[in-house]
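First, one chain by itself: the form predicted alone, in structure tokens.
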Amino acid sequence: MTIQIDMLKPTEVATLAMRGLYEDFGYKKYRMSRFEEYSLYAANQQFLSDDKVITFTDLDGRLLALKPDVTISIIKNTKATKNSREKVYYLESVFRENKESHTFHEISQMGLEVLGNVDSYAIIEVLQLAAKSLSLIGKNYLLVLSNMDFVLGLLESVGIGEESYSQILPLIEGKNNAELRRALWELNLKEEDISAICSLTSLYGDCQKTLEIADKMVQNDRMAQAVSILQEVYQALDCNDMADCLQLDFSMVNDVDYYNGIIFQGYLEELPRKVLAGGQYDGMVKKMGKDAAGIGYAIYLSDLERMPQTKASYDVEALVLYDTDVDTTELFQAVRSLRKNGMRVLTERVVPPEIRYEKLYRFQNGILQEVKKEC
């Protein structure tokens, strides 16, 4: 019997399809325990979305935690180096605070990571898989790209140091031009430099057009390299017929302690917020003591539950009713004949309430007969 896709939840459909996709590209499933030693997260708290972690003391006295993050565990256990590569995918739940209800909740995620030698091909492959993953979930999707090095290169060129990043970057990401201009003015920047940085808040849209504008803004090698990588990514994805679902947005920035280089987010027409997020995180890998680079993304499967679901017309194609004195061997043979014809069959003594069936059968005296519906 073939499982009907329209009978499955969106998360089930997505999980099955993406698992096959990732394994076709040579990614191996990463399995981790539900619990990790709390010391792992305490030592890498800067990479967590918040400092709240569910902990408990195990029977052997160890302080354990319900995992709030998957990537940290993957980095901890990887044997990849700058001269080798490890490609994994995962399907895990993490436990984090819900900012609205201020309670912990379980978040189901699926994602992949490439660790070790992250060259331009690895970056393009990850972005291609991110786009393909979105297309497997919904027909209309959007993958939005940026490059942290372009933004940081621009700040570097006008003399803004890392000590000001925490003030300036959120204003760029929030497209808050008025506050951004005020903050830059207080740093005693030239008007032309202020205007260049403020232009980042509107530097988004069609990849080709946005890249042309960005190329004219280049002021140093870091910015030039960032544009070059994005151009290479765009050309590669364009060759795979994915360019129409791509956009650039240079106002999209992330935590500089976590991410570097390419960052990206994925959206579906049916949902109001991002369902995919990822990027390069070389700094995080190095701060955890690994001589390697990293790139990956996570898809928030829990959010897919909010997608509209098309229900099948029937729960089963055949409902078979039988009496108490039935010959069970003959009944099984009759049911088997229906299943061989591709039918989903429910066998009951009486019609269950609220069951949706296409055809009704009654098995009596060794004979299976269809009961015609009354007009």
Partner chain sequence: MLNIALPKGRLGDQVYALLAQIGYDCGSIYEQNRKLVFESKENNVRYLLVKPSDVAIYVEHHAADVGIVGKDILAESRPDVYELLDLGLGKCRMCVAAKSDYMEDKDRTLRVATKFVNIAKDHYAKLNRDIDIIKLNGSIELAPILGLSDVIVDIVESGSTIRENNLKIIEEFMPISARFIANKTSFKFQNETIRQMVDKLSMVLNQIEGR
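Positions refer to the first chain, counted from 1. Because the structure is a prediction, the values reported are computed rather than measured.
Quick note: we don't show the form predicted in complex with its partner chain, though the next part is all about it.
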| field | Proximity of Tyr90 to its partner chain in the model of the complex, heavy atoms at 4.5 Å | value | no
Within 4.5 Å, heavy atoms only: does Gly159 come near its partner chain in the model of the complex?
no
Closest heavy atom of Lys76 to its partner chain in the model of the complex, within 4.5 Å or not? no
Report task. Please check if Asn140 has a heavy atom lying within 4.5 Å of any heavy atom of its partner chain in the model of the complex. Result -> yes
**Request:** Please state whether every one of the three residues Asp69, Lys82 and Asn260 places a non-hydrogen atom within 4.5 angstroms of its partner chain in the model of the complex.
**Result:** no
Counting only non-hydrogen atoms, the one stretch of 103-111, 170-178, 217-225, 189-197 within 4.5 angstroms of its partner chain in the model of the complex is 170-178
With the partner omitted here, the residue among Leu276, Met148, Leu268, Leu127 that in the model of the complex has a heavy atom within 4.5 Å of its partner chain is Leu268
Only hit among Tyr165, Tyr300, Tyr234, Tyr204 for heavy atom within 4.5 Å of its partner chain in the model of the complex is Tyr204
Checked 239-254 against its partner chain in the model of the complex; residues with a heavy atom within 4.5 Å, sequence order, are Gln247, Asp249
